[in-house]
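To begin, one chain is listed below as structure tokens, in the form predicted alone.
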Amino acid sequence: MKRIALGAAAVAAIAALALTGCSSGGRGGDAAPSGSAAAGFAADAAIGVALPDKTSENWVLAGDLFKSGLEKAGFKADVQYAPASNTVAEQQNQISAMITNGAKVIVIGAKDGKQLGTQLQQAADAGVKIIAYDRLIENTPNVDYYVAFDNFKVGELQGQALLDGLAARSGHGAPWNIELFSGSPDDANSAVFFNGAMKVLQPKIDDGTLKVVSGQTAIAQTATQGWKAENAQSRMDSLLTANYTSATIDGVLSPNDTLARAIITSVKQAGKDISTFTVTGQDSEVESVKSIMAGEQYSTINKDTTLLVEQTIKMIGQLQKGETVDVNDTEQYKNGVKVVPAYLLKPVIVTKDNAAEAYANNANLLAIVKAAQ
């Protein structure tokens, strides 16, 4: 979900989409109307963007793109990050301040999607529209739209990539010994990724193709608090010590690139052969693309942040004009209170074999790929 530099043309394209409300060309599927439109608001209104932290490349990039794109479109952009301390209170305070300061729409990449009910009720009372960005906000009726890549599909792609990598890299046939990792339990996406992957992997566990040697297959057992690399590495260290002193570990389901690299570090430090090991990822982080091209990490997912921000700003532009907001999914994302109308973009699996094609429009990552070829 990375694009390290944004050119002037891309900024202009984002601004044009916000001002014209034009179609996004099917990037997330054919759009369908969400239902009733908003009443509209001033073209130079304040727009709040509340993002969770700066610990991941994609969040830093998203903040930069939102600020540039919203301002080019004529809005007043208030982009803020919660601190990396994993406390939710600061983001709650930021959202409340955005409402008080007159924001007409607030885009929220939730620090903890289960703890924003009070703030979103405040927003609803003030007539502020809420767009959940990348992470679904749960247990409240006051989420108007959700924009993200198709996260269940991400999980399915990761599960299939793990199977493909095991067959290609392990040097032997089934059964293969694997372990499972999932994301932070305070991120609603974690379960969606994991469930998508398990749709692919569970039948193979059941028929003996895959063996989870530790027996840890429940999401509560596989979770990585805070999406922190050190937590993933510590758990992997423990799994290797307890289960793989003599057994071979063939692969690991990792939900993102940061955790994948931590898992690889653990496997290396345990003296295991990384060339026959398969680990998945997500986000196309620079270091993981390098790792893939070096033959270490097997796969990642390309989720282009530019496209996600572009779609979000387009939706804001539609709200500003009082137009019907485009969505393409009205069934999948149930937040515990309602089904949130969503616009889903298509993720792309990336391995060493298709990296040049996958990053053809990303000069920075394409340069890394070509340098390694």
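Quantities reported herein were computed from a predicted structural model and do not represent experimental measurements. Counting begins at 1, following the sequence as shown.
We do not show the form predicted together with a small molecule, though everything after this point is about it.
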Fill in the blank from the handout: Counting only non-hydrogen atoms, the one stretch of 240-248, 291-299, 127-135, 91-99 within 4.5 angstroms of the small molecule in the predicted bound form is 127-135
Practice task
Could you confirm whether residue 256 comes within 4.5 Å of the small molecule in the predicted bound form, counting heavy atoms only?
Solution key: yes
Problem - Close approach of residue 193 to the small molecule in the predicted bound form, 4.5 Å, heavy atom - result: yes
Handout entry: Distance check, residue 283 to the small molecule in the predicted bound form, heavy atom within 4.5 Å
Key = yes
Practice task
Decide whether residue 324 counts as a contact residue for the small molecule in the predicted bound form under a heavy atom distance cut-off of 4.5 Å.
Solution key: no
Practice task
Let me know the one among 68, 58, 318, 335 whose heavy atoms come within 4.5 Å of the small molecule in the predicted bound form, would you?
Solution key: 58
Exercise for the section: Could you check which residue among 182, 278, 119, 189 gets a heavy atom within 4.5 Å of the small molecule in the predicted bound form? Expected result: 189
